[in-house]
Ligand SMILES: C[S@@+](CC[C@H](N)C(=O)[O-])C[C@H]1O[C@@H](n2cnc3c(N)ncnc32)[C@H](O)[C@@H]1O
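Just one chain follows, in the form predicted alone, and it is written as structure tokens.
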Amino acid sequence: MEKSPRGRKPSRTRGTHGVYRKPNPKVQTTTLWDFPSQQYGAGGQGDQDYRGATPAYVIWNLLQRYTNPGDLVVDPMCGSGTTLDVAAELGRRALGFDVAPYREDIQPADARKLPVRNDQVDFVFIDPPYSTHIEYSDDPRCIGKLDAAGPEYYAAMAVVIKEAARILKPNRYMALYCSDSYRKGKPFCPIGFELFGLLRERFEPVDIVAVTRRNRTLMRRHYHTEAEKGNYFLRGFNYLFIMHKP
């Protein structure tokens, strides 16, 4: 499921005819990625106001590098449909699933039990909940109801990762986008390290990318003031784990 706060406004630049538009993405060549907005270009990918929107340029970069036109892409936690929109723009086929479908082209399904046959998919992208920070739905199957401070969250994500390995063709790629979890006064939860360990059980690592977080919280000065007073850190980046199925 996608994750960024509701109400974030995209940055825009002036086009050749004086019309403001979001910049177009470029292929990233380092392991530090940054982009000024959730969407890119003149169109829109997913819903930028969805409370959990994956940055579209992240998916764009992954599909440019690890897929070809006509390939089948699956997003088992599809959120507002960003993966579907980026895939369509790039000429890839795509299936999106979610326990609480946001729109009609997202199929209802639990990421732990997908209606897809073994070894059928060319690329899998997963943006799971990062503990219980966002209330996604009332569905009891929602992994976003599981606290990352306990073992149930990781047990559920182990099944999601197993399912991704099942549907992915051999010698193809997948990616998982996530952040660690911290609440003031609560234990730090290194979600990234824990999920990377689970991924290593079924996939070979290709690379680890740090994606700069641009969200409403990080733009508010009082959040930074409180972090200084409380001697804790705000989440400044997301992990992007790129993996290969042998």
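Numbering starts at 1 and follows the sequence shown. It should be emphasised that the depicted structure is a prediction, and the values quoted were computed from it without experimental measurement.
Although it is not shown, the form predicted together with the ligand is what the next lines describe.
- Taking non-hydrogen atoms only, Thr54 approaches the ligand to within 4.5 angstroms in the predicted bound form.
- By the criterion of a heavy atom within 4.5 Å, Cys142 is counted among the residues contacting the ligand in the predicted bound form.
- Ala109 belongs to the set of residues with a heavy atom inside 4.5 Å of the ligand in the predicted bound form.
- For the chain shown alone, Ala165 is not a contact residue for the ligand in the predicted bound form, no non-hydrogen atom being within 4.5 angstroms.
- The stretch among 147-155, 116-124, 80-88, 167-175 whose residues place heavy atoms within 4.5 Å of the ligand in the predicted bound form is 80-88.
- With the partner omitted here, the residue from Tyr182, Phe35, Phe203, Tyr50 that has a non-hydrogen atom within 4.5 angstroms of the ligand in the predicted bound form is Tyr50.
- In the predicted bound form, the residues of 88-109 lying within 4.5 Å of the ligand by at least one heavy atom are, in order, Asp98, Val99, Ala100, Ala109.
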